[in-house]
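In structure tokens, one chain follows: the form predicted alone.
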């Protein structure tokens, strides 16, 4: 096939990790996203380790996602060993997880996305003209980080959450600090949602697509044991291999995932598509006010969905903090051997862990991350953007390349999480 144009970018800007994109424009238009971050073999590193050491290893998969990669293996191990934690532990873990989502969404929207919307090369250039916007973004980022530091005892790679509970429980004065900071953060997050409705989505991306998310245990939560799809299908987490197929991508260090032999989306937009009716508080008001911005057929709606989620999760953190009365408790205990699964909602979408434990030693672990799941769909939208612009008369390769990057950034890919390998 004669290639009429080739767009090649070996390093995508403003995403987490290292990846490039190649778009070929000829008789057909196709896009390949090359994940160049080297494989990191965390599943292999976890083998033959005591189960209590494994969550600390897994949290090093990524600094952005260290909380999901800490709490999800903990949940899988507890399920394998029939460990039942207290309601207090569940609520404190929710606060910790929600804090991570808030910080991650704030960093993505303020540093990676809004420079695109406002026509700047980066956030530093944008800050010169939009100081108030950057202050709001930093306030939101810092609030999420504070919650993680108070509960995890360290903002990144926290060691305080452990199998069966926590090493140290937060003090009353720390909970009050979360409440005070949260109320200011709610106001900033609502203003950010109002700001983001100024921007329309490129129609080139419009296409029917499947969205996968968890079915939360309660409310619009991040824990569950069932995965639901926007086509009406649902399945328990222990059936994930029957429904989500991982395939090796020959030109990439990341695998790609398929549902019913097709690409699919996960993440904030998928959560709102499947579970938006569970939203309450100010976020529900915003969803009602701006319902036309939650577009299931357009990946750019993921940015707006993240902004709405920040409002919801900050309010939930404050709500839990105002209700909780911390009391001392022992860590829960269970058996020594078992086979367990867990699925949670990381900022970028569903995160799956499977573990097999024999006599307290992990013998097998498998991880499927959100970026590995949506990678084939992300490539399809990169093609959609290039095709739409080309068919509409655009011939500036540099401009098309920039728009393709914007489509990729809408997914908020986390490349460090995506590279893993396992052989049983």
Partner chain sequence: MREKMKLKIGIYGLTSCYGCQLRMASVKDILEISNNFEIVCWKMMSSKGEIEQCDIAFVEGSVTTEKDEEEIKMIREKSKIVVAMGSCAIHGGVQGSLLGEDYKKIFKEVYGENSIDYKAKIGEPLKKYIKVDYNLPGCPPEENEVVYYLATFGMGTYPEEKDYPVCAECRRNGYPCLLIEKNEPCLGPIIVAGCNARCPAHNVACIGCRGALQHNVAWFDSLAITFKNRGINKEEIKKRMEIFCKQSEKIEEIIEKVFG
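Positions refer to the first chain, counted from 1. Just so it is clear, the model here is predicted, and its values are computed rather than measured.
The same protein also has a form predicted in complex with the partner chain, omitted here; what follows describes it.
- Three-residue candidate spot 18, 64 and 153; every residue lies within 4.5 angstroms of the partner chain in the model of the complex by at least one non-hydrogen atom.
- At least one heavy atom of residue 57 is located within 4.5 Å of the partner chain in the model of the complex.
- Of the heavy atoms in residue 324, none are within 4.5 Å of the partner chain in the model of the complex.
- In the model of the complex, the partner chain stays beyond 4.5 Å of every heavy atom belonging to residue 403.
- In the model of the complex, at least one heavy atom of residue 159 sits within 4.5 Å of a heavy atom of the partner chain.
- The contact with the partner chain in the model of the complex, taken as any heavy atom within 4.5 Å, belongs to 138 out of 118, 179, 197, 138.
- With the partner omitted from this view, the residue of 367, 372, 35, 31 that lies near the partner chain in the model of the complex is 35 [heavy atom within 4.5 Å].
- Comparing 252-260, 90-98, 291-299, 203-211 against the partner chain in the model of the complex, the single stretch with non-hydrogen atoms within 4.5 angstroms of it is 252-260.
- Contacts between 274-308 and the partner chain, taken as any heavy atom within 4.5 Å in the model of the complex, involve no residue at all.
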